[in-house]
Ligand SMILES: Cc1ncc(C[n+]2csc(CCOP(=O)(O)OP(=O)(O)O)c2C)c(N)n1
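Listed next as structure tokens is one chain, alone, in the form predicted alone.
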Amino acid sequence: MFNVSLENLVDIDLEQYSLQDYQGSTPRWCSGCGDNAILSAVQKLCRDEQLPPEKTVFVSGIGCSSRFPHYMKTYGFHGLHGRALPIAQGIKMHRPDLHVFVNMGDGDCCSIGTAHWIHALRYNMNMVAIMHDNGIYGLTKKQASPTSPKGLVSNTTPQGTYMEALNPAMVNLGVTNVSFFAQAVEWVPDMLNDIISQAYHHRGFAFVRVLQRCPHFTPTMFDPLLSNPNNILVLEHENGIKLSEAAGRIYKNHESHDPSDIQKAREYAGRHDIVPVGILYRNPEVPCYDEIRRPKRVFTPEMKEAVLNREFDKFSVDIDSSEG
């Protein structure tokens, strides 16, 4: 009747999310803390991918990094120390439609949470895990963590740590069914954003270790990397990250690395003379436990309510009969 072309119609109901739509409470991290950079990168990812806040959930354990869910305007679960991964796995198993992220510290993941970390790699469920690694327990005030460098003086090691630091890269790449491991530094936003984006698009369990500064307890830990960019080796590839022109002028030490080559990835992970940054390993063909064991039956809210009522009825009290 009016000869209106559908191609010119605008869907006014189409909602576009901005960065502000993902910003929760005001972060309480120290000024200069690397957690702020990781938060910015994740919020940017959510904005770029237009992830519905009601379909996105962040899970954490205990520690400075684990306040992450409070600062995201999405669903969140602030769990127990070291237990973020099994909680996230339970969420993903029963709600495969949700975008699930896990945020852990080095102590949270590599100490009390180690067993969950190992089996999460093996199960390879579809989610992104980000380990904020500052080499110290921050929230509980400067105790040595598994990734603290040898000789670090802390409240629990006043004479300095006696053992070499745990290498999370080597651990990840040594577990059966590992499908994605990447390493980033929080002070190079372009690379951090790229790595987190590719982790999100990976099919399976994407583990990202982010080296991050703690300006209060370990302010000089990463000075060798900050003062001399040649101490960082950027791993580039058409199936990995691509160094921008601006970053390339600073980080001139880079090599081409095919992320499908796990043996080469392990060689990079084991180096002590340099810190590899980029996607070390990726294999989207590894089976995902949540796909193998996904419930065949979809339970509607009505069905769940009926089951709950049946269970509650088992414990109901008949007042009339009790009085008789």
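These numbers come from a predicted model, not from an experiment. Start at 1 with the first residue shown and count on from there.
The same protein also exists as the form predicted together with the ligand; that form is not shown, yet it is the one meant from here on.
Taking a 4.5 Å heavy atom cutoff to the ligand in the predicted complex, the contact residue among I112, L243, L152, L225 is I112. Residue-level contacts in the predicted complex: of T156, N239, T140, N231, one residue has a heavy atom within 4.5 Å of the ligand, and it is T140.
Only one listed stretch (244-252, 163-171, 98-106, 176-184) carries heavy atoms within 4.5 Å of the ligand in the predicted complex, and that stretch is 98-106. In the predicted complex, H81 approaches the ligand with a heavy atom inside 4.5 Å.
In the predicted complex, S65 approaches the ligand with a heavy atom inside 4.5 Å. Contact between A206 and the ligand in the predicted complex is not found at the 4.5 Å heavy atom cutoff. In the predicted complex, none of the heavy atoms of V188 sits within 4.5 Å of a heavy atom of the ligand.
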